[in-house]
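Single chain ahead, written as structure tokens, the form predicted on its own.
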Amino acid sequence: MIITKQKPFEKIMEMTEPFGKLFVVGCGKCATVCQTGGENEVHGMVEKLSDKISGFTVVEEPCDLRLTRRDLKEHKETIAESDAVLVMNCGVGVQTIAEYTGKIALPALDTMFIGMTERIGRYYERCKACQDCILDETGGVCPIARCPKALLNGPCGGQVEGKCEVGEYKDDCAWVLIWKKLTEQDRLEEFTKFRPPRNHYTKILTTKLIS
């Protein structure tokens, strides 16, 4: 799930100040679960900016262009008459809506990470979408997302008793977790495998080719 948080309302006010009429779009999936852009949050935003609002809706999945077209179809004229669209989605939703509507899209949320949710308000970063997944080699623990230094070979000298120096030794060292998992699985040969530095240019090139 994509984890988001709402920008401070002062920032949203500053961002929307130049525009007369705003159409608000929420998200029926991730932002609803995070309670940052679902029905309740959209209604709350509409109430706060009532003098500027031309209309509002919640798109089922704003990251899906087909669903965005479907859910915004009945609001096409209202959106066309609006000065901008205030988008309560992740960055992908903002870009999808900007592309579809041709309007200035204002992000009401900050996109944090791809994560696991335990309950409302408790989220854990688990994936960086690095395009070169090695979870089969690391016992299902992602070193890119869970190690603050994104080390591919670890642990480093900054761990003490399984805790990471980043964050004052409060969080578990990802590579100690990996060692424990691989030990449980009787697969420690994976732990000793050397992994060369990532070629980040390949990721950029791949992203361009996919798009």
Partner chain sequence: MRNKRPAYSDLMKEIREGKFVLTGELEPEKTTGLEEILVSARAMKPYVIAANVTDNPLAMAFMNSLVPSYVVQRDVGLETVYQMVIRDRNRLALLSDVLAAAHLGIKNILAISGDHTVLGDHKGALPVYDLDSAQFVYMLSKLIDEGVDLEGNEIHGKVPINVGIAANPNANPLEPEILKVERKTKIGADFIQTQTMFDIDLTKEFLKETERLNCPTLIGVFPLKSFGIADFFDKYIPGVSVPKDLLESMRKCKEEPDKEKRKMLYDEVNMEFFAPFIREIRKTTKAAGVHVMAVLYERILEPLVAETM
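Note that the rigid core is defined as the largest set of C-alphas that superpose within 1.5 Å between two forms. Please read all numbers here as calculations on a predicted model, not as lab measurements. Numbering follows the first chain given and starts at 1.
Missing here is the form predicted in complex with its partner chain; even so, the following discussion is about that form.
Contact with its partner chain in the predicted bound form, judged by any heavy atom within 4.5 Å, is made by just one of Thr57, Asn153, Gln35, Ser54: Asn153. Mapping the unseen interface onto this chain, Glu165 counts among the residues with a heavy atom inside 4.5 Å of its partner chain in the predicted bound form. Contact check for Gly44: every heavy atom lies farther than 4.5 Å from its partner chain in the predicted bound form. Although the partner is absent here, Gln159 is a contact residue: one of its heavy atoms lies within 4.5 angstroms of its partner chain in the predicted bound form. In the predicted bound form, its partner chain lies farther than 4.5 Å from every heavy atom of Gly20. Of the candidate stretches 44-52, 61-69, 25-33, 144-152, only 144-152 contains residues with a heavy atom within 4.5 Å of its partner chain in the predicted bound form. Along 172-188, a non-hydrogen atom within 4.5 Å of its partner chain in the predicted bound form is carried by Trp175, Val176, Trp179, Leu188, in order along the sequence. With the core held fixed, Pro196 shows a CA shift of 2 Å or greater between this form and the one not shown.
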